[in-house]
Ligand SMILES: Cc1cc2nc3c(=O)[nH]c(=O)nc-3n(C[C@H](O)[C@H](O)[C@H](O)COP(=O)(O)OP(=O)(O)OC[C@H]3O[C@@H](n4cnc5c(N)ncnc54)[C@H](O)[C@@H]3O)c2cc1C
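Starting off, we have a lone chain in the form predicted alone, written out as structure tokens.
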Amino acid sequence: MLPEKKGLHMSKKRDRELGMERPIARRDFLQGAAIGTVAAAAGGLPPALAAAAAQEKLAQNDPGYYPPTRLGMRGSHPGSFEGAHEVRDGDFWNHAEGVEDTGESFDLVIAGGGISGLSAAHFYLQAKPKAKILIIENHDDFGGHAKRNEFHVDGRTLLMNGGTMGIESPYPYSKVADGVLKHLGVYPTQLSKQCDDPAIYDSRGLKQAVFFDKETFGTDRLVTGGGSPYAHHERPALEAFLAKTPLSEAVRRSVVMIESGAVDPLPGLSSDEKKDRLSRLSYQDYLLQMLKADPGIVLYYRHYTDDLWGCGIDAISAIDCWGVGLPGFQGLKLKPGATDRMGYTPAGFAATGGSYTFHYPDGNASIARLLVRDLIPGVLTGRNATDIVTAKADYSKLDRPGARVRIRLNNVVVRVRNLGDPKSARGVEVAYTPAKGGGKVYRVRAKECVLASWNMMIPYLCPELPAEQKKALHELVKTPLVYTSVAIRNWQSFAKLGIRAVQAPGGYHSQFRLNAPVNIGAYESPHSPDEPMLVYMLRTPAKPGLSEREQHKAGRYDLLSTTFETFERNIRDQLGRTLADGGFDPARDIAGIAVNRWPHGYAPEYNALVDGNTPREKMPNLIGRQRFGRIAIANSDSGMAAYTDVAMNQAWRAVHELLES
């Protein structure tokens, strides 16, 4: 049975063993249901479910509305994308209920309330402090991919990123992006020294491990001492690790050769010539064809590229894999530094020293919260970059009449057009509808508009765009991925097994780990294995054998058609099997699950295997992001790089294109 299909046909008995019938808040259970009817049929909901049900019914302006604590299917959750899909499919305007003019007029309307959209509001206000701004966001929370997952387990608050985790970038922050951080009071180097707490795991000697599953490798076996794609082990330790695995002798020899070999497969070529050759074949082909590795290594290494590119080693160039430090290139003795045929990858660290590397407990959600607190006073309590983590948020203050900046959640922009000829337009009209689809259409006017939304959607919103620009925008295919957050009642099983992170080359999720510990302000990470903990899990539903972007298109459809029940069953099965010898019981120990599904995740990046020798000035993001009358385009897509500083830089560019026009 293929790894992608595991867990879909388990028996009812196995479901009970996994705890599938235990009461945890599940969006699929509540979404669209008549809560009262469900409660009556179930004889009354447990407190956790009752609270979740109450949350589901609240509107943005209702007291108590607080989406970070919602569990179940998050990320692009049900109710956040249906309207956009109707526009994409050409069905929306056939059954729209007419357009109602709200009578509102703004200086700037921004589509998209992620880091780029919030930064665009920040930059616009710097230039026009008295401006009136409306931000329209399709999700039930601001921040976009900077999603906050907040759990409350046994009296303890636990935080994790449901999307973007850190602020690191391959290159130093620009003056513009660095200025945003400093304006918000974020000094990453100082915060990292004060707040990171790796000793929680280091003091217990917790290590990396690999779980070999029986469907892929013939047996279920957890082996400690390996599993980190970027940690190069000494040969004796590597051989000791491999001896415990179910890999064949031929595969073990190949892994040793890849990890610790020093043979140059391209003798006689210069470093630049070698890099050019590496840019023209995949990492998989490099291992198989140049290093002559046993084909069995593919199953072991396939997911080494998941966390950065969202697809397997067959679709990423060997030069980019060298750039991030994956093994197998030691004998080439390549000189540091990127090349023209490399993507926007961490190879930049070697040439520039890279950027800051700090992350908040909830990832970049705290950056989004800081921006919102700065833009709309009164929404979030506190006053500095450390108390933001535990700051109380009042969502009812996001969209107040008369406020300088307003954020309108749960609505998706369906049409944006210049009022008059784009060359001389004096304003724009923006139409939006409830994101869940099938609702009324509302219209506002503004002097200018920034589309800080997913760029590949823009041609459907602005059909008047030039054909070449629409074609370029359609090419900006984002990377689908899943960040799953699992709350467990304790982490004794991890401590007993001596592990902190697991690579699962055949697993439904290709890796999982204990939450990265950060202590900041009043927030403190769990220290004792007896305390509740969050587990991070990564899934990238790519389809091997296709090019990177075709894999991503296939993965997007996979995510949108997978139910929360399927995710939950596989989560429980994977954790239960992996941690069984540590005493983990998924029915007893799992307290909550948030599946952060991102069918449109990472921004696309240059891929030499797809983009070839396309001159950088002809890349689709440069053609696609051109200003169109009073409409400018931002988002990290328009910078073709999935980094926070890029999102900020593109917001600055878009705003200043409008201001200078």
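Numbers for residues come from their place in the sequence shown, where the first is 1. Treat the numbers as computed from the prediction; the structure is a model and nothing was measured.
From this point on, the text means the form predicted together with this ligand, which you will not see here.
Peer 1: Please pick, from Tyr483, Tyr300, Trp491, Tyr360, the one residue with any non-hydrogen atom lying within 4.5 angstroms of this ligand in the predicted complex.
Peer 2: The option sitting close enough to the partner is Tyr483.
Peer 1: Can you pick out, from Ser453, Thr305, Asn149, Ser317, the residue that has a heavy atom within 4.5 Å of this ligand in the predicted complex?
Peer 2: Here the answer is residue option Ser453.
Peer 1: Just one of 572-580, 161-169, 266-274, 242-250 has heavy atoms within 4.5 Å of this ligand in the predicted complex; which?
Peer 2: Selected range: 161-169.
Peer 1: Taking a heavy atom within 4.5 Å as contact, would all three of Val210, Gly310 and Arg539 count as contacting this ligand in the predicted complex?
Peer 2: Result no, not one residue of the spot touches this ligand.
Peer 1: Taking heavy atoms only, is Ile115 within 4.5 angstroms of this ligand in the predicted complex?
Peer 2: Within the cut-off, so yes.
Peer 1: Report yes if any heavy atom of Tyr643 sits within 4.5 Å of a heavy atom of this ligand in the predicted complex; otherwise report no.
Peer 2: Yes, Tyr643 is a contact residue.
Peer 1: Do Glu137 and this ligand come within 4.5 Å of each other in the predicted complex, heavy atoms counted?
Peer 2: Taking the distances in the predicted complex, the answer for Glu137 is yes, it comes within 4.5 Å of this ligand.
Peer 1: Flag Tyr606 as yes or no: does it have a non-hydrogen atom within 4.5 angstroms of any non-hydrogen atom of this ligand in the predicted complex?
Peer 2: The answer is no: Tyr606 has no heavy atom within 4.5 Å of this ligand.
Peer 1: Along 570-594, which positions have a non-hydrogen atom within 4.5 Å of this ligand in the predicted complex?
Peer 2: Not one residue comes within 4.5 Å of the partner.
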